[in-house]
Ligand SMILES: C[S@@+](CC[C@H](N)C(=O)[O-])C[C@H]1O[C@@H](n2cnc3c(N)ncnc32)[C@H](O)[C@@H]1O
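Before any questions on how it binds or moves, here is one chain, the form predicted on its own, in structure tokens.
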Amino acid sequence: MNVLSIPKLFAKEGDTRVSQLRARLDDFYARENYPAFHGANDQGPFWQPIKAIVAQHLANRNGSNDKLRILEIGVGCTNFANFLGELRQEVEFHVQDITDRNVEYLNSQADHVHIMPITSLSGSYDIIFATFVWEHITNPRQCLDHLLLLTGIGCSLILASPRYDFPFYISPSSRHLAKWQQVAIGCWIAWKRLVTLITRSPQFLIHLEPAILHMPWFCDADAVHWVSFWDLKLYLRGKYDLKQIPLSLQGYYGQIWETFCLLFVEIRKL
């Protein structure tokens, strides 16, 4: 692979190569020993602010006895229902995933289990959230549009994921490539992010050859959507309020990671 072939490693949704990638990834999640399926997962540092948003929504019900409808997408073996603690009884908890490998466990945790693509979901929700799922989606525009249809005015869509728009910070899914190739990708991605900011046109880039297709799994080897905060901000501008959720991580490294390498946002319709 030479420098000129770098752009061919990326595409936008709708490209036939992206559809082929989705099929390969779905086959991996259905068959392989994916670590997220090993046992109940816990995203406590991220779930704590989400729990606070749940409590806020419950407090704003104005005397309604209706349960708060919450949907978690790409759940794996989520433990969020237990994390809610005393709030669980006031919530109708739905979960979504693309594989039925964990359906027995999920049936014990959720009120409703949806094994289907995100874009096949129906109904309405007060809160929809995903923790470290957004980077694994190959049709981010379509999914974003659909999830926003499932939330009304005053409702919350919450996304937590790595972001790859800090100059030369690239996804671990490129680690199977030679160092010079990674440097070349870093330069090309930095240029594409600059183009996005200049043209005000979001791109939602999809990495077509992630490491997971070439070597054993490691964290974010399957991060195919190279998430950009600016893609999201520009796509939603004028129609939705995009608010960053603070984590207040400790230490120099934690503050840099939270500021430049992490997407953790709440989206509400204006």
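Numbers follow the displayed sequence, beginning with 1. All values derive from a computational prediction rather than experimental measurement.
Form predicted together with this ligand: not shown, discussed below.
Please pick out the stretch from 87-95, 178-186, 149-157, 124-132 that is in contact with this ligand in the predicted complex, where contact means heavy atoms within 4.5 Å.
In short, 124-132.
Should the three residues Tyr34, Ile118 and His136 be counted as contacting this ligand in the predicted complex, with contact defined as a heavy atom within 4.5 Å for each?
All of them do, each having a heavy atom within 4.5 Å of the partner.
Does any heavy atom of Gly74 come within 4.5 Å of a heavy atom of this ligand in the predicted complex?
Yes - in the predicted complex, heavy atoms of Gly74 and this ligand come within 4.5 Å of each other.
Applying a 4.5 Å heavy atom distance criterion, does Thr99 contact this ligand in the predicted complex?
Because a heavy atom of Thr99 falls inside 4.5 Å of this ligand in the predicted complex, the answer is yes.
Touches this ligand in the predicted complex: Tyr29 (any heavy atom, 4.5 Å)
Although this ligand is absent here, Tyr29 would touch it in the predicted complex, with heavy atoms inside 4.5 Å.
Using the partner position in the predicted complex, report whether Lys12 sits within 4.5 Å of this ligand, counting heavy atoms only.
Lys12: no, not in contact with this ligand in the predicted complex.
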